[in-house]
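Only one chain is shown below, in structure tokens, and it's the form predicted on its own.
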Amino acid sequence: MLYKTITKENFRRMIEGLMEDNDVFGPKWRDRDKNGDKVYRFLKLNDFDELQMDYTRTYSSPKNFFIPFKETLSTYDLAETEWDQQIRYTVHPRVIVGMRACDINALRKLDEVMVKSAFPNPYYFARRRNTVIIGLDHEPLEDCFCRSVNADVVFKGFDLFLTDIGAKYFVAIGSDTGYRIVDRFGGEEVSEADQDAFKSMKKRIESKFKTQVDVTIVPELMDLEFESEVWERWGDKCMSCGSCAMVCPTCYCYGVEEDVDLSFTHAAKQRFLYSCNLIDFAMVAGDHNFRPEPHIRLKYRYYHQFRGFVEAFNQSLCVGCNRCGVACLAGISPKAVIDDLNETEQR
């Protein structure tokens, strides 16, 4: 890993320079929640001053820049005995500024499925390839437990990763593209004082973690407590709304539908994000539902996050951002469910 520093004035020049040829997205304050706290979203920047680098956490994750809520896979023009299919992967070059370590780690987990698997997703790959990611360190919120799942630091999956050390940013360079950007806009060599400031800031961030989740034996607990009353207890609260999956940075379940024009001359195949918590997720022909009850669907979502993905990729799918806990109308959070499983196993 190569490191540089960049002054905040030069960082401003960098972002303004990138805006000339790219779509640049960053955190903006757009609303307030029920507690009066600011709600942030990653939105297109028209001016550097719109960028709010002191943001806490975006309500929804940057996942949707790579896996949209809804996307057209292909379109068809139909004639009497012929048809013509169009498929487009083109993505305009873009930059996402301010992504947290947990969100970048979430993308790395999606890469395992969408890029490195036996059947890579060309739509995801095109977006990933044409996106420059500039990450940003931050002090965690009280409910963040990304440190418990080893997602609080990141060493890959970005072009640049910034740590605020006062008048400068300490910059980790993760790609050739990142190196060229820093070099173009006045990157400087790291001094001993810069190193000391960086170490001090990292220690401060580390000390701010308040929420801990014991995930040591969670994969085993998923098997040992598969029929546990814990699932019914939490399942009785679940409203099966799917909000958790929509804001999750790693959930990638989807559905596919075809829309045929009434004239029968045009059609489109579309993919849309879905959730295994929705009542019809496991519905098949004949109206048979393999997961008819909320607690079964809830269990399988956690099973995939903390057991199935671990078996396939040797890591949990969860990155500890707790967006699902914030979005859940029933107050269900990963920490509460996992703590309940741990306590039940110990009894």
Partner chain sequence: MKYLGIELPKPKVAVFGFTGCEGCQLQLANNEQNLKDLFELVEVVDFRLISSDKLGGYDIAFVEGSITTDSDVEALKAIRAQAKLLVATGACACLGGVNNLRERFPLPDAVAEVYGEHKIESGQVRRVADVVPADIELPGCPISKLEFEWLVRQLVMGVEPQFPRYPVCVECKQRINTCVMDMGILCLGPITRAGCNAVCPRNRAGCWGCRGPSEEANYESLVEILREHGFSEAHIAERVSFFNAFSGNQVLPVLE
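Each form is matched to the other, and the largest set of C-alpha atoms that superpose within 1.5 Å is called the rigid core. Positions refer to the first chain, counted from 1. All values reported here derive from a predicted model rather than from experimental measurement.
Omitted here: the form predicted together with its partner chain. The next part is about that form.
Among the residues Ala167, Ala79, Ile217, Ala193, the one placing a heavy atom within 4.5 Å of its partner chain in the predicted bound form is Ala79. Checked against its partner chain in the predicted bound form, the candidates Glu142, Asp259, Glu229, Glu189 yield a single residue with a heavy atom inside 4.5 Å, and that residue is Asp259.
Among heavy atoms of Ser207, none comes within 4.5 Å of its partner chain in the predicted bound form. Taking non-hydrogen atoms only, Val153 never approaches its partner chain to within 4.5 angstroms in the predicted bound form.
Although the partner is absent here, Asp47 sits far enough away that none of its heavy atoms falls within 4.5 Å of its partner chain in the predicted bound form.
Taking non-hydrogen atoms only, Ala327 approaches its partner chain to within 4.5 angstroms in the predicted bound form. Heavy atoms within 4.5 Å of its partner chain in the predicted bound form are found in one stretch of 99-107, 193-201, 81-89, 142-150, which is 81-89. Along 40-66, these residues reach a heavy atom to within 4.5 Å of its partner chain in the predicted bound form: Arg41, Tyr59, Ser60, Asn64. With the core held fixed between this form and the one not shown, Gly286 has its Cα displaced by under 2 Å.
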